[in-house]
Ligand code: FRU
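The chain that follows stands alone, in the form predicted on its own, written as structure tokens.
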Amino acid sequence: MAKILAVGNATLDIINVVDDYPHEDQEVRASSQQFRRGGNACNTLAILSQLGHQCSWAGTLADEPDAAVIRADLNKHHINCSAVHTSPHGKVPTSYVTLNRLNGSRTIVHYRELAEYHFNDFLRIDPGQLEWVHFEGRNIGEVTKMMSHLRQEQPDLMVSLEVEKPREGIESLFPLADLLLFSKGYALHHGHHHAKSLLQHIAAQKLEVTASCTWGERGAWAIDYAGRVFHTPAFSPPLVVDTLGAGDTFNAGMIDQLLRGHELELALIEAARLAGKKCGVYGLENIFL
């Protein structure tokens, strides 16, 4: 299978499962608590590894005890960490997650005290050994250098970009990608109240990219180089128990399907189907059982 690198975040997720979401200033008891390795890029790699790909992660960790949880999980998923930069200072980014058992929704409070991944660290990676590179749309200045470097050194290498949050300057990355993976939140922030509206706006810019946009229970949309728009419904499980990582799972599904040579419409459907399965299980380990 393909050799895939993802550049982005790894976090420690502390997840409190509650029977119903609490009101402000209310004290509730968690029915269970979990410690997981999180982070968008690493979640996507964990799925891609289970799909049979050879995966590597490029990001930063702090030299402190909580990093061991992250390294152990990545090792369990056979994700190569040779490109990781370990900082002697700082704290592993930590997400405090309240997971509502009734509907699987999650509310996240994130804390970060760690420098982002730098272009100089990225230069240690040999892109000639890769078939796909996936970036989180963050750390825009450094990621611009990384993506530009790939375009210069390996112009035929497939590059995807997750566009989850509106960040200053993120649009400058769009022409450097082959696949843009948009979230509903990004679309709404920019005044697009339908995924199709955002995708047609992107197509009008003549960027020569393929793009998708997820829209929760309404499913997902994608647009190809020719401007053809495709839609898939959501594949909701019988019971939604955990939506944490569903978007990352969808992204992995898109990458996997396109690497297998499938057409965009089929890739969209299968990615949505995979994300739906994920919402019906806790974590990322039981999707393929």
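This structure is a prediction, so every number in the text was calculated from the model and none was measured. Sequential numbering from 1, following the sequence displayed.
In what follows, reference is made to the form predicted together with beta-D-fructofuranose, a form of this protein that is not presented.
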property: Candidate site T11, G39 and L244: all three near beta-D-fructofuranose in the model of the complex by heavy atom within 4.5 Å; result: yes
property: Contact stretch among 54-62, 255-263, 40-48, 26-34 - heavy atom within 4.5 Å of beta-D-fructofuranose in the model of the complex; result: 40-48
property: In the model of the complex, T98 touching beta-D-fructofuranose (heavy atom, 4.5 Å); result: no
property: R124: touches beta-D-fructofuranose in the model of the complex, heavy atom cutoff 4.5 angstroms; result: no
property: I108 within 4.5 Å of beta-D-fructofuranose in the model of the complex, heavy atoms; result: yes
property: 4.5 angstroms heavy atom contact with beta-D-fructofuranose in the model of the complex for R112; result: no
property: Contact assignment for beta-D-fructofuranose in the model of the complex, among K76, H89, K165, H190, heavy atom within 4.5 Å; result: K165
